[in-house]
Each structure stands twice: as structure tokens, then as C-alpha cells.
Ligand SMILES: CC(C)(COP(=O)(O)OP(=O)(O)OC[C@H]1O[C@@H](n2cnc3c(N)ncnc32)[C@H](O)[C@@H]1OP(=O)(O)O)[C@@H](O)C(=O)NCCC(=O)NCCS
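Starting off, we have a lone chain in the form predicted alone, written out as C-alpha cells.
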Amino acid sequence: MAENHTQIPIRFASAKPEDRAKVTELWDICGLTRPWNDANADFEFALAGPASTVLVGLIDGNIVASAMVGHDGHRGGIYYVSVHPSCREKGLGALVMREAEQWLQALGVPKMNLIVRSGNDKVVGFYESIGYQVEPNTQMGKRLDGD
């Protein structure tokens, strides 16, 4: 569990299947969803396997932050990092990231990668402020679902 360096009493837990609607709504509010990705299916897929989960940050029982995290045994990946707009600028983003890092470290995963959409310089600055660096890699992708 991440230490709380803010004045907000947040606690973290792995999401439960019944949290899907609230978590995907948070992702939508935060502008993380895209028409070509089914957020509901992503949530369910993450909860279905032992190598992934969705972490949620709770304040007074309400989901105000989240991150989908998983690994391939060597590298971890994080997606849908979100903090409700009413809770931003209070250090919760760093706490969500630390929680995801600790989840991976507990499984022996030595490195985490993340993807930031082009032009999202504010988010790049946030990740740099918590120790991430832009790496000299080329990311490539291929749709396997026919879209």
C-alpha cells in the first residue's frame, strides 16, 4: 500500500468486477477512452488473469483514482492512469503510480513501461517528475481484432 503524502485519506485496493461501471466512467471523465478500445472489455480482461489487475484509489468508499497494471514476466505496463478532476494537483497521481510499481515489484517484475500519447507534454512532465524517462525506442503496433 502506498504511503499517503497528501492530506487526502486515500486507500488502494484491487478492483472488483462490480467496480467496472464506476472505473470505466472515471476513465471516460479523464479522457482516457477511445472509440476503438472497449474500456469495459479492457477492465474485464485485466481482472481475469493473474498477471494483471486494476488498482483503485478510494476516498470515503468512492473510486477517485485508478490504474490498469500488468506484466509479461519481465516488463510491467500501465494503462488508464486516472485521477478524478476534482482530486487533481494533490499528489494522487504519484500515489497511484507508486501503488502500481509496488504491485509489480511484489511479483518480481524489474521494469515498468508506459505509453503517453503524442502531444501530451503535461503528462510527460508528470512522469519525468516521478522518475520516468523518455527512452530511445520506437513503439510499433498492429491491430489483431480487424479494426
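As the structure is a prediction and not an experimental result, all values here were calculated from the model. Residue numbers here begin at 1 and follow the sequence given.
A second form of this protein, the form predicted in complex with the named molecule, is not displayed here; the remarks below concern that form.
- Message: Against the named molecule in the predicted complex, would residue 60 count as a contact residue? Criterion: heavy atoms within 4.5 Å.
- Response: Taking the distances in the predicted complex, the answer for residue 60 is no, it never comes within 4.5 Å of the named molecule.
Q | Exercise: residue 105 in contact with the named molecule in the predicted complex, heavy atom 4.5 Å | A | No, residue 105 stays farther than 4.5 Å from the named molecule in the predicted complex.
**Item:** residue 132: touches the named molecule in the predicted complex, heavy atom cutoff 4.5 angstroms
**Value:** Judged by the heavy-atom cut-off of 4.5 Å, residue 132 is well away from the named molecule in the predicted complex.
ask   = Taking the shortest heavy atom distance, is residue 13 within 4.5 Å of the named molecule in the predicted complex?
value = No, residue 13 is distant from the partner.
| Is it the case that 67, 98 and 111 all touch the named molecule in the predicted complex, with a non-hydrogen atom of each within 4.5 angstroms? | No, because 67, 98 and 111 lack any heavy atom that approaches the named molecule to within 4.5 Å in the predicted complex.
Who in 24-47 is close to the named molecule in the predicted complex, meaning a heavy atom within 4.5 Å?
Sequence-ordered list: 30, 32.
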